[in-house]
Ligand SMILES: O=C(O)CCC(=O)C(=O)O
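Here we start with a single chain on its own, the form predicted alone, put down as structure tokens.
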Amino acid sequence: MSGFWNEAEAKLAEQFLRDGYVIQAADDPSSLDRIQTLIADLAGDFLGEPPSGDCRVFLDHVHQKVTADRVNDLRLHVIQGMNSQAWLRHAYFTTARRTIETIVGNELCMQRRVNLSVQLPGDESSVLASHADVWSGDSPFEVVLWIPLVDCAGTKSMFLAPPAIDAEIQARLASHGSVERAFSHYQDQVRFLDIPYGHVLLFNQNLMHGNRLNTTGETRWSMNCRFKSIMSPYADKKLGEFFEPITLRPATRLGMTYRLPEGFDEE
């Protein structure tokens, strides 16, 4: 099979299988900048303080303008506003189209709503416990496109268990009694990902991941959305409910709608 890939595709595929993720410069930086500006404007609308100057600086320091007890209201306001924009999902996809098509395929379905995370410094309520999405109704054929709107590193980012470590954790999960106990045993071996603004992360959501308490002096803003091959198996999250086709090819459309004529018998 590798003989059918070009060199860049083969290298990217090997990296994804080896590490469980790839970090790439955005395919379309202008779309990413447009998304960042929208998010900053929506946050400014909620706070009654429109951003001035660099959107990244505004987002990095939003914890100076909102308390932890209101941050979820801020997040929901921004999520509602951004998903009401007809252009958002297409712009989100174009930031990583070539990477997604190499890793997943070119007949894709996409999550119908893009998600947003806002993690203030020192906010325990925004800690996301160790988990694998496939444990809660996601198909093992899905990948997550995770896009930071600010520079993310260390505890301002997310962690991912490398595939070899993840296999060991999941094989011995029952003996630890809980996922968090398992994490505490392996926490020195998980990888916090360094993802500067202008880059995107595509990762294997079958691997354990999450975040920890943000101990930096800046607020984390990141978006995430799932993609899968439209013909691959689904779990609890179904096509037409959770997912929507975005790049269905003509031959597949014809094949899916074709019906043999009545009374046809093959001789």
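Note that residue numbering follows the sequence shown and begins at 1. Owing to the predicted nature of the structure, the values given are computational and were not obtained by experimental measurement.
Separately, the form predicted together with this ligand exists; it is not shown, and the next lines address it.
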- Task: Decide if the three candidate residues 131, 146 and 226 all line this ligand in the predicted complex, where lining means a heavy atom within 4.5 Å.
- Result: yes
- Note on the structure: Contact with this ligand in the predicted complex, heavy atom within 4.5 Å, among 117, 94, 85, 170 goes to 117
- Taking heavy atoms only, is residue 210 within 4.5 angstroms of this ligand in the predicted complex? yes
- Given that the partner is absent here, does residue 203 sit within 4.5 Å of this ligand in the predicted complex, heavy atoms only? yes
- Is there a heavy atom of residue 222 no more than 4.5 Å from a heavy atom of this ligand in the predicted complex? yes
- Tell me, yes or no, whether residue 152 is in contact with this ligand in the predicted complex, where a contact means a heavy atom of each within 4.5 Å. no
- Item | Heavy atom contact within 4.5 Å of this ligand in the predicted complex, the stretch among 94-102, 68-76, 131-139, 180-188 | 131-139
- Residues in 156-180 with any heavy atom within 4.5 Å of this ligand in the predicted complex: 158
